[in-house]
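Next up is one chain by itself, shown in structure tokens, the form predicted on its own.
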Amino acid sequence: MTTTAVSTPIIPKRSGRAGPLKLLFRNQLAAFGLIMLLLILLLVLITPWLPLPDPDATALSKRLLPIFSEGHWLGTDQLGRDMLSRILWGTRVSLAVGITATLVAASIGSLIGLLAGYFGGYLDGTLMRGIDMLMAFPYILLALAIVAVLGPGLMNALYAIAIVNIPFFARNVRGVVVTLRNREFVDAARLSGKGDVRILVSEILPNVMPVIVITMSTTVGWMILETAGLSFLGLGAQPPQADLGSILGEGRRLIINAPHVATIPGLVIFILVMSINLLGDGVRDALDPRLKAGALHRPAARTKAMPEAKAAVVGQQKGLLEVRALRTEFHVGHEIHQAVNSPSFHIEPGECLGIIGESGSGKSVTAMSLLGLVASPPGVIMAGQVIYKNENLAGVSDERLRQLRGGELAYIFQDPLSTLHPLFTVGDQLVEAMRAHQRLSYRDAWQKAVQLLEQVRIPNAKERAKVYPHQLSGGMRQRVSIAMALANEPQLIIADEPTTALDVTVQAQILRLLNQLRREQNASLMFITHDFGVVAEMCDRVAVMYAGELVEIGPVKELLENPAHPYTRRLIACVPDVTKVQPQLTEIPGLPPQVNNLPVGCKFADRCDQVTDRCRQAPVELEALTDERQARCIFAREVL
């Protein structure tokens, strides 16, 4: 029975991704700094309307009154001036000077960095040598020299502080611009006819702006401190004008007789600068795009597992490795992304199990979950078990997991850059991988590393072992990654599309090498791929994944000749047949469901040509069709 597929309307959901403000408040120190700074800003903003005495009005009869004196909450100074009034007005001046100096330094320094980094050549050399000259002097001594030339005064102190901080902005911005000027989006803008000025404004500046903001947020506190230092020495604010530094300088002589005159402005400077620095650190973290997907924490060394996933193994294990109802989620803000939804399978010794499915179907997350490689946060193994040698890998100790990773259980990543360290030669990295699991001398490990590179068809392996990853092509790096996985003669190799970056000839050689390893060492292979040709050539059984679930599993030949699930049939139909003339490529209509909003019933229902109301009402379980075939479809038996 077939009916027309009826699409379920998708209700837009608010993104669970935390915004910058939410990320900021996750950093408790940054939140504390923000609250303190807001309180200080509120006080100084309403200062003109507060019933305070004139900060410059003297009254010698009331000189050096202690704290909490009547009419003078913070006492008076040596001239009888109200300390509370002077502190509030002085804080206004210090904040104004610090923020203005930061804006001036950021504007000039960022402009220099943009021009030097973008145009390079003679202009870069001239501008940056000038910056180097400024940085050759200790910045506080340079500021003192500038004020000495210009003369004491608050504005001259502002100029001096701004000038000595220009190099920090210039160097930071130039470093980022140098990495951006040859990027593809800049080349595309140039080819579209945009001039240099438009490219700088519309392409480069938006990408550099977070760096400028971060540098400003972490610099303004030091600007205030430096200005206070100049005023403390009598080179900044001049009487009757006062800032926190000049108030502190005037009170230093009375530190014994009237300590509050110097202590109070010192504490205010400390609180103000510390709150700004704490906030600056929080802003830096909140604006980092790598942290927006999760909490402000460094990923753990292994995937976080809930108690249900750490339970002891019950019953007899199947095969070399068995996966039981594994469930992995990503917790992003208030949303839960169900990436892996309880697949169960096993791999026999010497067997190759293929995992196939569209991008986003959960193949890689399933594979990484086996060895606890999913980043936490935001990844969490909620339930299920991964059993190897009657041990639940989610519950073993960190030391035991380290022994298995890269040793008996190896992983070939899809992206070789995530495997190779950029600062070590590929030979040294292979040596380190072997010596971590085997008792080998450096010389013996190096010889074996060269042999491994020869095995994966790297020409001139002896010399190539001495180069760094960036000196190799993408295909060469992938071959080094495969060699690293084979280094310790593993019992199980998890290969996540290991031949994607290789040309057809080398791909065939690598596949032949993996097959040879299986035969010689009776090793098992879990092979993730999009290529049905590779599945037919390499695999004994194949598992088809969709929306984090196993929808069909069985022997390769049977599954390819007679697929039981509609999704499997659609995937096979999408493979081009060179023996037939096809007017257009076949595709599966629609898109996979969002993993943070999965439907209740069959996950493939919206794209299926056999869907009925029954498919949408309740979850469809994986049904055993034969001893070796399973499928997640209510019509599967009718097909077989």
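From 1 onward, residues are counted along the sequence shown. It should be emphasised that the depicted structure is a prediction, and the values quoted were computed from it without experimental measurement.
The discussion below concerns the form predicted in complex with adenosine-5'-diphosphate (ADP), not included here.
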Quiz item: Just one of 222, 330, 168, 118 has a heavy atom within 4.5 angstroms of adenosine-5'-diphosphate (ADP) in the model of the complex, so which one?
Solution: 330
Quiz item: Of the residues 282, 354, 109, 362, which one places a heavy atom within 4.5 Å of adenosine-5'-diphosphate (ADP) in the model of the complex?
Solution: 362
Exercise. Kindly confirm or deny that 337, 358 and 378 each have some heavy atom within 4.5 angstroms of adenosine-5'-diphosphate (ADP) in the model of the complex.
Key: yes
Exercise. Give a yes or no for residue 608: in the model of the complex, does one of its heavy atoms lie within 4.5 Å of a heavy atom belonging to adenosine-5'-diphosphate (ADP)?
Key: no
Quiz item: Hey, in the model of the complex, is residue 595 touching adenosine-5'-diphosphate (ADP), heavy atoms inside 4.5 Å?
Solution: yes
Quiz item: Thinking of adenosine-5'-diphosphate (ADP) in the model of the complex, which stretch from 337-345, 174-182, 227-235, 404-412 has heavy atoms inside 4.5 Å of it?
Solution: 337-345
